[in-house]
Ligand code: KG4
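The chain below stands alone, shown as structure tokens; this is the form predicted alone.
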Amino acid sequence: MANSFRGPVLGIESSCDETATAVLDESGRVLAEAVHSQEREHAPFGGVVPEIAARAHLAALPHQIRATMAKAGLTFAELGAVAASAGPGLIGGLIVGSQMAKGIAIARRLPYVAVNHLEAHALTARLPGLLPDGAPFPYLLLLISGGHCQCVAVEGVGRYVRLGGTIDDAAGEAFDKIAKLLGLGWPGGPALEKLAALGDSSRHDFPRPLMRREGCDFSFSGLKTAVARAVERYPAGALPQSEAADIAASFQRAVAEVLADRAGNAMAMMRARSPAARLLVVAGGVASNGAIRTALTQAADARGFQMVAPPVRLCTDNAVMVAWAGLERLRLGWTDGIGFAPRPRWPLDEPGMDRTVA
């Protein structure tokens, strides 16, 4: 189908606990963006409460959309299309964001794109300006976030082959759980990284699950258990700050080494599939961790790959990536019907993502 849309794309992200909107022009230039964190709403519960998240999206989105459009200097009549995360994620939030996007699309007779949230992460490296010559297909994606940990061969828009993934917890989930054990609150990733900077990463020899095994699957449950046992040696509230820092640093180092080892195997698998592939794209919230970025850069350099990660603000959930994924699909003439139902589960490698399979 020919590319028939013209004008900027409005993107809406509401798959979990960030309410986000963004407007990109037809070239992918960011005209405006906004992210509202729901940290205050969920912190008392130590994690995301789906019902609270959905209500917070509903309260924030109408004003945020209007404000983002105003910041972009556009009216709704000037939009060319609307894109929204339609899965995977928390169904309540997905419904809120998708329905608002559909309402705008209906009112203005605009194309609507139901974006797979994982595809949005996968394509972020192709945003204009992130790489001098762009990010050509194919490339290897390491997606590491609170809900996902997987290695994927990205062969084109809608064309994904899963090479390996977690068999238990995602890396981001492990960070949050260990942070909670250390009394750092929620969300735990940034706080744990800050504490780890004060500690000795060689103080505790925590296990490295699946390290030096074949394939590129991941496991973090055994590592979590080992860290929990180290914390349990101290009575409640009696863990010294210096020991907490050493535990945080040792845990972070173990995760970084596991990710680097598994990514190394994935790079070999990727090269076997596509000998010309030379790019390792790291995306998702955990990709903002400095120690992990360093470990993955070293692993990529050792194998002749270039490691690239989006700017920190685009690693966590955001609407820039949603609008960009929508734009990539719109350029191929791919749109979705208003009846497309949000999906709490939506595998990235599901047949039909590239519209070649019914």
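The model shown is predicted, which means the values in this text are computed figures rather than measured ones. The numbering used is simple: start at 1 and walk along the sequence shown.
What comes next is about the form predicted in complex with this ligand, which is not displayed.
Each of 188, 286 and 315 is positioned with at least one heavy atom within 4.5 Å of this ligand in the predicted complex. Screening 288-296, 23-31, 325-333, 62-70 for residues having heavy atoms within 4.5 Å of this ligand in the predicted complex returns a single hit, 288-296. By the criterion of a heavy atom within 4.5 Å, residue 147 is counted among the residues contacting this ligand in the predicted complex.
Of the heavy atoms in residue 89, none are within 4.5 Å of this ligand in the predicted complex. Although the partner is absent here, residue 193 is a contact residue: one of its heavy atoms lies within 4.5 angstroms of this ligand in the predicted complex.
Interface residue remark: residue 119 is not counted as part of the site for this ligand in the predicted complex, having no heavy atom within 4.5 Å. Of the residues given (246, 217, 173, 261), 173 alone sits with a heavy atom within 4.5 Å of this ligand in the predicted complex. Taking a 4.5 Å heavy atom cutoff to this ligand in the predicted complex, the one contacting residue in 12-48 is 18.
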